[in-house]
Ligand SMILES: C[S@@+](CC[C@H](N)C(=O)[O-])C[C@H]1O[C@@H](n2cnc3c(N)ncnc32)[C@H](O)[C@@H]1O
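Single chain ahead, by itself, as structure tokens, in the form predicted alone.
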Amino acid sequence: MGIRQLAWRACYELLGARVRRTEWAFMNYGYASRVGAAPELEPADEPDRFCIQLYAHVLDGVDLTGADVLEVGSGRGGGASWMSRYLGPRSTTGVDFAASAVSLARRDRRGPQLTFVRGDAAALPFTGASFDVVVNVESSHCYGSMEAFVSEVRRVLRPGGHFVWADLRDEPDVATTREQLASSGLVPVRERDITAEVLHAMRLDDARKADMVREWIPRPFQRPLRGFAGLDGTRNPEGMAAGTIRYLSAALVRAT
């Protein structure tokens, strides 16, 4: 395991152990489009609208009805719970390398046939051809090997199954990321640069997330958590605005 992966694991384990608020369900930057219909949400889900809209975007055109769905990097479980409750899959499984996050998700998230397990994205704890859809939202930048991850995605997908993905990359790494996705042998269906939509969501949701950091995070950790949350003035929104960081989404299919 590389130093970067160890650092991310320590960070997520610490967050899960120290911040056990049920209300904190998502950790992505969100998605806000100026065109198109927004998904309907129950009042309890409305505070997480922008984070949920990122899932709705990556799943656009992919029918989860009756499907076995895997989310890799499920974090605190909000995305997996939303999919299980709103989109009609047969089963939804969330896998994450942080034991504390898995514990929180098991405690706090509910949904039909929803389960959470601990596991490594580069060595998924499932037999081959187990899932119809694999979802990966704003998580792969933490992995030690993107190639190992996408190889595992192809292994656990059934023929005809979909892999949907979204994450940020430094601009010089975009071409490499495309090559890594292609190395899976999965067939690309679509790819989009959604930097503008993600940045728009970050700005719209900034005040809410700033309040969460101020109220929920112990004071010694608030400054680094501002960067983690992508708050105004920190590296990632500044880089997206300047064009040095890009946010991509993609959908791929296992043909055989």
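For clarity, every value in this text was computed on a predicted model and none was experimentally measured. The numbering used is simple: start at 1 and walk along the sequence shown.
What comes next is about the form predicted in complex with this ligand, which is not displayed.
> Of these, 165, 143, 131, 82, which has a heavy atom no more than 4.5 Å from this ligand in the predicted complex?
Flagged contact: 143.
> Please determine whether residue 28 contacts this ligand in the predicted complex, using a 4.5 Å cut-off between heavy atoms.
Output for residue 28 is yes: heavy atoms within 4.5 Å of this ligand.
> Look up in the predicted complex whether residue 98 has a non-hydrogen atom within 4.5 angstroms of this ligand, and give yes or no.
Yes, residue 98 lies within 4.5 Å of this ligand in the predicted complex.
> How about residue 92: is it within 4.5 Å of this ligand in the predicted complex, going by heavy atoms?
Looking in the predicted complex, residue contacts with this ligand do not include residue 92, since no heavy atom lies within 4.5 Å.
> Quick one: is residue 104 in contact with this ligand in the predicted complex, heavy atoms, 4.5 Å cut-off?
No.
> Given that the partner is absent here, state which listed stretch (152 to 160, 135 to 143, 104 to 112, 179 to 187) has heavy atoms within 4.5 Å of this ligand in the predicted complex.
Single hit among the candidates: 135 to 143.
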